[in-house]
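So this first bit is one chain, no partners, the form predicted on its own, shown in structure tokens.
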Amino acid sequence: MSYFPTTRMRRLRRTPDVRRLVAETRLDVSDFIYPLFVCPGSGVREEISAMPGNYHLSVDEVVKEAVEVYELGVPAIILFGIPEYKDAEGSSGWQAQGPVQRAIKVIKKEVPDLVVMTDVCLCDYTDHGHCGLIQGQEILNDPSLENLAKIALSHAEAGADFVCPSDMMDGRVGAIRRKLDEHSFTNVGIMAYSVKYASAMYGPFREAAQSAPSFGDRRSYQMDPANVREAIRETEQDLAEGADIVMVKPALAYLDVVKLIKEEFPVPVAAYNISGEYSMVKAAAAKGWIDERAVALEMLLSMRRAGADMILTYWAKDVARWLKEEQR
């Protein structure tokens, strides 16, 4: 064994080119999925105050974003819907002419090679804001599954490549897989929010998706932040029911969970770099306290280092540009 001064670890850190040569983990534009929020109307492009740089977009505007994303080399988007109306059943979620369904059709026509994923949940579409149907103040599991499957089917019929259940109802992956297969959508994949924690960092997203619950919270169905072994059970169940990709959400405070899931299961693992993580950096950068670009890249690199094969991030377009600049 060699010791200092024979061994000098700094030799491999001496210049930018040497550091790139020996880097163990790399970011690439192909790692990212870009979230977009689709709303009713035409010509709508309204910035989300809690998430600077992100917008409520009508279908015509979201298509422009999709084209830009594809031209930047980002391989996939995920769509979230803002409906024209909400009710107790979330019925606007499976309407053929809903904003998400219309957006899928136009995007697949304009940018056929862009992978289109869609969030499948009831919270965007229910007047109570919960991810399942309710009875009094109880969130019902089994009765919610059919409505979730209807939403997934409507997205598949519109041309989605992947549907992504985020509700955390038990059995929803199996219900969706059966519904898709019954209607001959065997090639439509499922990216399951398998490990979704009841995080305090979802606030900006709830403004974006207009999905804050009208009573209580989501702790009876989203995971307890104290638990990690439970993440294995959740993932096992979703894979047994037909999930193709599994996700850990949030990412930054749960890198240990990302690493565990990647080590335990030989399947693609996604991590969601959520709104709170994004907005905190944006706010601090606006104050001049941190360098947004440097911090964002460091955060995303940590997610890849933990084992994430793909990252859902609101920085996807920015990072695509930053990486191109670094390659010049």
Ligand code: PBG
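Note that residue numbering follows the sequence shown and begins at 1. Because the structure is predicted, anything quoted here is derived from the model rather than measured.
The same protein has a further form, the form predicted together with this ligand, not shown here; the description that follows concerns it.
- With a 4.5 Å cutoff on heavy atoms, I274 counts as touching this ligand in the predicted complex.
- Taking the partner from elsewhere, M201 is found to have a heavy atom lying within 4.5 Å of this ligand in the predicted complex.
- Interface residue remark: Y314 is counted as part of the site for this ligand in the predicted complex, having a heavy atom within 4.5 Å.
- Using a 4.5 angstroms threshold between heavy atoms, Q222 counts as touching this ligand in the predicted complex.
- No residue of the trio A66, V69 and K108 has any heavy atom within 4.5 Å of this ligand in the predicted complex.
- Proximity to this ligand in the predicted complex, defined as a heavy atom within 4.5 Å, holds among K150, R206, H128, R102 only for R206.
- Only one of the listed residues (V173, M191, C121, V195) places a non-hydrogen atom within 4.5 angstroms of this ligand in the predicted complex, and that residue is C121.
- Residues placing heavy atoms within 4.5 Å of this ligand in the predicted complex fall in a single listed stretch, namely 266-274, out of 292-300, 266-274, 26-34, 52-60.
- Residues of 238-261 that come within 4.5 Å of this ligand in the predicted complex, judged by any heavy atom, reduce to K249 alone.
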